[in-house]
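One chain comes next, on its own, written out as structure tokens in the form predicted on its own.
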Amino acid sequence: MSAIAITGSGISVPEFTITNEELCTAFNQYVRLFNTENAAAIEAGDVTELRESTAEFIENASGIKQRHVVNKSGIMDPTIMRPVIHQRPNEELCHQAELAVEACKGALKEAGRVGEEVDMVLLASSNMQRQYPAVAMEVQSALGARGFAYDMNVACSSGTFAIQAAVDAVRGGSARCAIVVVPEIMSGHLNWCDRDSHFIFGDGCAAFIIEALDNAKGEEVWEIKDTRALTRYSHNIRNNGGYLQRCEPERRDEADKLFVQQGRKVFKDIVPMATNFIKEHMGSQGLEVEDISRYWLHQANGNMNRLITKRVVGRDTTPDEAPTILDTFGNTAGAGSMIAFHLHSKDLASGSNGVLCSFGAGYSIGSVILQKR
């Protein structure tokens, strides 16, 4: 059986961006309105007074300076504080499929393929726009792809887990040319009224073409040397939103129906978990630190990534060794490490090795060891 490779990649992002300064202007207006409207309850001790935020606080805490969003106006309105995204008619591409199709087209072009040559579409995302039919099937139809398509969700590890599934499918013969696409509309499940998390996420998408190395037609080809995945149950990152919400309407809009996390616990748990996982995966392939040219890590938090790569490498890494897109894209969940790969891989020489790794709710963690051909 031929080796398996990523033969093309593509990305897409919405046109709207929100800087930290813009975000804080809207958020602080909301805080002042809330505190004024609840002044009596705050004074009585029944309601907690909200605190304003600053762009400096956000950047220091996360490394984020701006993010892309599908809709900006609703987030910028202190009386709405959520994106305004209207459901489209069933005959039109849904928002998530539209984002996915654009990234897929870029990946197909880079791979020298057309949609009809694809026989597997695996759409992986932290949040699906609907329960069914699978958004992957909608993308498959829009691209004119053959074969089969399905959705999967492993939160921020969705991309790496989907790569492993696609590799297994191609290696096993159930697919010849697969697309892994990760469209993340994270703005829809984010609590824009929460000072500790409202700045974290951005919307974006990445797509990879995965096929046998012998069939590769594109100029940018990366052999997938190995994949690895791990899950360990934790509720420190959670979203309880789902179709059963309608069965308990009095709790439908509580904070846990959106993204919630215990940030300090997550940081404490994920750093050693990711560090050991990457080290063990490299070791299983006989790779030393000096053999790795680049690390494309999940773009969740700048401080977290710097600490993980420092522990893996044994020193502070350079932006060239571990590129960051978090500052301009925000945390794009399962798409983040794939976007980083797409933007920061073409400069490497043939024979270069790299590690693509993501980690997130679950806990879940996946890594892919790559070599440029």
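When you see a residue number, it is the position in the sequence shown, counting from 1. Values in this document were obtained by computation on a predicted structure and should not be read as measured data.
Beyond the structure shown, there is the form predicted in complex with a small molecule, which is absent from this document and is the topic of what follows.
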Using a 4.5 Å heavy atom cut-off, indicate which stretch of 309-317, 337-345, 45-53, 31-39 touches the small molecule in the predicted bound form. 45-53
Note: exactly one of 136, 209, 156, 162 sits with a heavy atom within 4.5 Å of the small molecule in the predicted bound form, namely 156
Have a look at 196, 256, 102, 269 for me and say which one sits with a heavy atom within 4.5 Å of the small molecule in the predicted bound form. 196
Contact between residue 201 and the small molecule in the predicted bound form at 4.5 Å, heavy atoms? yes
Should residue 71 be classed as touching the small molecule in the predicted bound form when contacts are defined as heavy atoms within 4.5 Å? no
Even though the partner isn't displayed, in the predicted bound form is residue 127 close enough to the small molecule, meaning a heavy atom within 4.5 Å? no
Can you tell me if residue 261 lies within 4.5 angstroms of the small molecule in the predicted bound form, counting non-hydrogen atoms only? yes
